[in-house]
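Take a look at this single chain, the form predicted on its own, given in structure tokens.
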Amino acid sequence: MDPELALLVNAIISGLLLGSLYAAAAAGLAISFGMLDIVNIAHPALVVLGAFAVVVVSGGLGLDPLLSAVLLAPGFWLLGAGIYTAYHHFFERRGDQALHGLAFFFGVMFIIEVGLVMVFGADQRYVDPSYASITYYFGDIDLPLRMLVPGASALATIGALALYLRTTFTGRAIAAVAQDPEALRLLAIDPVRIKRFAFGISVALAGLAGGALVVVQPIDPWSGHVFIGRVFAIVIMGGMASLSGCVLAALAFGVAENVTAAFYGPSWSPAVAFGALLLVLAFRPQGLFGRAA
């Protein structure tokens, strides 16, 4: 294979694998920000918290990090339900969620980051599962399992969640709660209970994304800062409440960044990826999978 073509193909494949990690990090935000209209700026910090929790459980019990993330998911759901309960009690029910609620989630983010520094220090942590050093070669094409396994697991999780939201009564209620809570009340459904349940799911997804993240790269308490802009951009680009759009936008982001880094250097990657976001918003303001008003 021509060296330039081989470089391009490998950059695209690596970009798709990177994009699947972005999708894992952004899927929970698509629920809280896109479906519930809650600007959870702390979501990337919750992903990092999940990664550190996976490091502890995986190291202590000798489990695969992705399995550890699954075992931790119920605990993260409870954490999310608790965070939403406080958010609703102090801000949402009084109509202060716009500014004061945003400040609340900034506070959650800083508490998580400072708490991680106090407990774990500022050093990077990582997990090496048994497949981390295995790479499949197909001619000039490389396929590292360190990225393939968490990426495939993330996409499978998002697919299962999308199926749940589309086919169950509770899933449809989650999709409707931010648009018309009064209609839910007419059906004897408590919008607050639905939002608490859904926000718990979004935080559980953050914990699962942390398990995928710590397999792919080392993490430190400040790693979430790298993802803040990306995950919000991906959710907006994908159409806010669309999980399929979120995945497509994440894969496009990953490919754009990797191809740019391979041919023009990594310093250009964010500019090209966010430039693609601006183009999408210019010609399709509702995002790739969003519906026009």
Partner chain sequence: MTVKTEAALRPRPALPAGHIAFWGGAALLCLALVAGFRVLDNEYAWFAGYFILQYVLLATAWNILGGYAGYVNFGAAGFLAVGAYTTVALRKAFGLDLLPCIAAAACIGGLLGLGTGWLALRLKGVYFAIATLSLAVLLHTIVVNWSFVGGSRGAYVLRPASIPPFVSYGEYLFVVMLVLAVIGVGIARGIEGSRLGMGLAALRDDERAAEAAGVPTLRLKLVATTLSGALMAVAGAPLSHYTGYLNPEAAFGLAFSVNAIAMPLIGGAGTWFGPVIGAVLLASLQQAATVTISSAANLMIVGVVLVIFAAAAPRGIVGLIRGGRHR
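Residue numbers count along the first chain shown, from 1. Everything numeric in this text was worked out from a predicted model, so none of it was measured. We call the rigid core the largest set of C-alpha positions that still match within 1.5 Å between the two forms.
As for the form predicted together with its partner chain, it is not shown, yet the points below apply to it.
- None of 101-109, 209-217, 168-176, 141-149 except one has non-hydrogen atoms within 4.5 angstroms of its partner chain in the predicted complex; the exception is 101-109.
- Residue in contact with its partner chain in the predicted complex (any heavy atom within 4.5 Å), chosen from Leu163, Leu186, Val114, Ala156: Val114.
- This chain is displayed alone, yet in the predicted complex one of Val39, Val70, Leu63, Ala261 has a heavy atom within 4.5 Å of its partner chain; that residue is Val39.
- Residue contact with its partner chain in the predicted complex: Leu277 places a heavy atom within 4.5 Å of it.
- Under a 4.5 angstroms non-hydrogen atom cutoff, its partner chain in the predicted complex has Ile228 among its neighbouring residues.
- Although the partner is absent here, Tyr137 lies well away from its partner chain in the predicted complex, with no heavy atom inside 4.5 Å.
- When its partner chain is considered in the predicted complex, Ala11 lies well away from it, no heavy atom lying within 4.5 Å.
- In sequence order, Phe232, Ile236, Met240, Ser267, Trp268, Pro270, Ala271 are the residues of 232-271 having a heavy atom within 4.5 Å of its partner chain in the predicted complex; the partner itself is omitted from this view.
- Superposition on the rigid core between the shown form and the other one places the CA atom of Leu21 less than 2 Å from its counterpart.
- The rigid-core alignment places the CA of Ala11 less than 2 Å apart between the shown form and the other one.
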